[in-house]
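The chain that follows stands alone, in the form predicted on its own, written as structure tokens.
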């Protein structure tokens, strides 16, 4: 039996998105960002803590039948800055790119400050400046450094 025969392989997907080069242990946060909790029927494959030359260990997430929106990619970049996004159609990679951290994310995170204008009944979308140490609300200056997935607005 060759070394290739001993490896567990995750099958190719026909159409959808493969998110590769996620830092080891972050795949579940990626699923949270994408709103995938297992109840929607999405076919999802997750590989965690796989050997990686670039990262040491990496996670990989494959989502069948879904292409990510730019907003999803922007938020994803905050917890997986080295990730690559592969769009798959008819089993072929038709688009491949690395995530890029935006300078601002708008309307995708909820400010934890209950007095912020974005958390009241005002028609104001949240807006966060992206920095090296976290994200900062542009309305009240509250900084989120940890547990970003917990602050993602439900769609």
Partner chain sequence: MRHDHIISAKQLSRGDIETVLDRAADIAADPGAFADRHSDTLLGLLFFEPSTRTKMSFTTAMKRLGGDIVDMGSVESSSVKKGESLADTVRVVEGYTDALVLRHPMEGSAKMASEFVDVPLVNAGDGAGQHPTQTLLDLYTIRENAGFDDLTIGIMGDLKYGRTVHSLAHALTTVDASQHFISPESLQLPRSVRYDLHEAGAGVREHTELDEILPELDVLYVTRIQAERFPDESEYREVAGQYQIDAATLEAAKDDLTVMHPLPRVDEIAHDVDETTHAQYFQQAHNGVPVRMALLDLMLGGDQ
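Numbering follows the first chain given and starts at 1. Superpose the two forms; the largest set of C-alphas matching within 1.5 Å is the rigid core. Just so it is clear, the structure is predicted and the values come from calculations on it, not from any experiment.
Keep in mind that the form predicted in complex with its partner chain is not shown, yet the notes after this line are about it.
Option from 124-132, 65-73, 29-37, 87-95 whose residues, in the predicted bound form, bring a heavy atom within 4.5 Å of its partner chain: Contact-bearing stretch, as computed: 124-132.
Of 99, 116, 109, 44, which residue is found within 4.5 angstroms of its partner chain in the predicted bound form when only non-hydrogen atoms are counted? Selected residue: 116.
Is the gap between residue 145 and its partner chain in the predicted bound form 4.5 Å or less for some heavy atom pair? Although its partner chain is absent here, residue 145 would touch it in the predicted bound form, with heavy atoms inside 4.5 Å.
Answer with yes or no whether residue 120 is in contact with its partner chain in the predicted bound form, where contact means some heavy atom within 4.5 Å. Heavy-atom contact with its partner chain at 4.5 Å: present for residue 120.
Can any non-hydrogen atom of residue 21 be found within 4.5 angstroms of its partner chain in the predicted bound form? No - in the predicted bound form, heavy atoms of residue 21 and its partner chain never come within 4.5 Å of each other.
After core superposition, I'd like to know whether residue 62 moves between this form and the one not shown (criterion: C-alpha shift of 2 angstroms or more). No; residue 62 is a residue whose C-alpha shifts by less than 2 Å between this form and the one not shown when the cores are overlaid.
Large Cα shift (2 Å or above) at residue 144 between this form and the one not shown, core-fitted: Superposed on the core, residue 144 moves its C-alpha 2 Å or more between this form and the one not shown.
Thinking of the 3 angstroms or more shift, are the C-alphas of residue 33 and residue 106 brought closer or pushed farther apart in the predicted bound form than in this view? Relative to this form, closer in the predicted bound form.
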